[in-house]
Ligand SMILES: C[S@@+](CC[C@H](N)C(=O)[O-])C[C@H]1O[C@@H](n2cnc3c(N)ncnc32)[C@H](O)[C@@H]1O
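The data below hold one chain only, encoded as structure tokens and taken in the form predicted on its own.
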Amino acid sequence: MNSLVTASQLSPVEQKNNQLLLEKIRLYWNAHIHDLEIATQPIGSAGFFKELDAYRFDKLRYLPQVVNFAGYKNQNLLEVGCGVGIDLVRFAEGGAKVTGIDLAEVSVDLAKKNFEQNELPANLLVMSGENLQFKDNSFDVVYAHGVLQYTANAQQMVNELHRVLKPGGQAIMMVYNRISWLNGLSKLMKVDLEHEDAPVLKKYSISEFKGLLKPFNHVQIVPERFPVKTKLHHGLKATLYNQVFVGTFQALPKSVVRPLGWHIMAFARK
């Protein structure tokens, strides 16, 4: 049975295996704070969160261009896999009424510190995105950026996002593109991707991602994240990447490179 079946279709043994895998995922993300390696400030300090925010939105320059963080004022917004709350803070600063959940307790504790230091309200909970403890039709917006690829049963998480979203509400999601410049380059240069050692890391083609999102009435797919110079890696490979590959890729026709974006964004309506 493939990984895209729903929890209700799993046998008791498969359900047990799914829970064991979720536990491995929880343990992994408790030990691996996303982008921690670039931080120079003490973990949990104001400087720490500012560093992570600056790095994230330098690396993902496209994100504030395609997601209007200030566009959800007074709307109930849920982020699944909120991590330490970097994106969720931006939604809250824009006036959204935010709820964030994460499987990792360490992340939720840090997210609470992040919101406290920014003097912003939020409902932050330890919870699995595959089993959301919210009523049907609870949220105007659900956001899961870079989460589906790391969970045990991605279809079950999509089904849960759909269930808790109000009719007409918007789901914003991102997965990694299997047919992308970064996936190909990592294999060619023999450089591991971030969190390639995670218990689950699944990449999708655009058509596979669309198949995952069948519960939604309307889906817009936007490939994003194209090469920018790396600050994380060093040495000869990093120099070749920064000085040769980035410029060459950016010079290619947009119609050719657009579908090869490392991130596949989806904007879906219930």
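Note that the coordinates shown come from a computational prediction; the quantities given were computed from them, not determined experimentally. Don't overthink the numbering: it's just position in the shown sequence, from 1.
There is another form of this protein, the form predicted in complex with the ligand, and it is not shown here; the text below is about that form.
Note on contacts: among Arg225, Arg56, Lys203, Lys210, the single residue with a heavy atom within 4.5 Å of the ligand in the predicted complex is Arg56. In summary, among the residues Val246, Leu10, Val257, Leu22, the only one with a non-hydrogen atom within 4.5 Å of the ligand in the predicted complex is Leu22. You can rule out all but one of 161-169, 68-76, 183-191, 104-112: in the predicted complex, only 104-112 has residues with a heavy atom within 4.5 Å of the ligand. When contacts are judged by a 4.5 Å heavy atom cut-off, His145 counts as touching the ligand in the predicted complex. For Trp29, a non-hydrogen atom is located within 4.5 Å of the ligand in the predicted complex, even though that partner is not displayed. Looking at Thr151, you'd find a heavy atom of it within 4.5 angstroms of the ligand in the predicted complex. At the 4.5 Å threshold, heavy atoms of Val98 stay clear of the ligand in the predicted complex, well away from it. Shown here without the ligand, the chain has no residue in 249-270 lying with a heavy atom within 4.5 Å of that partner in the predicted complex.
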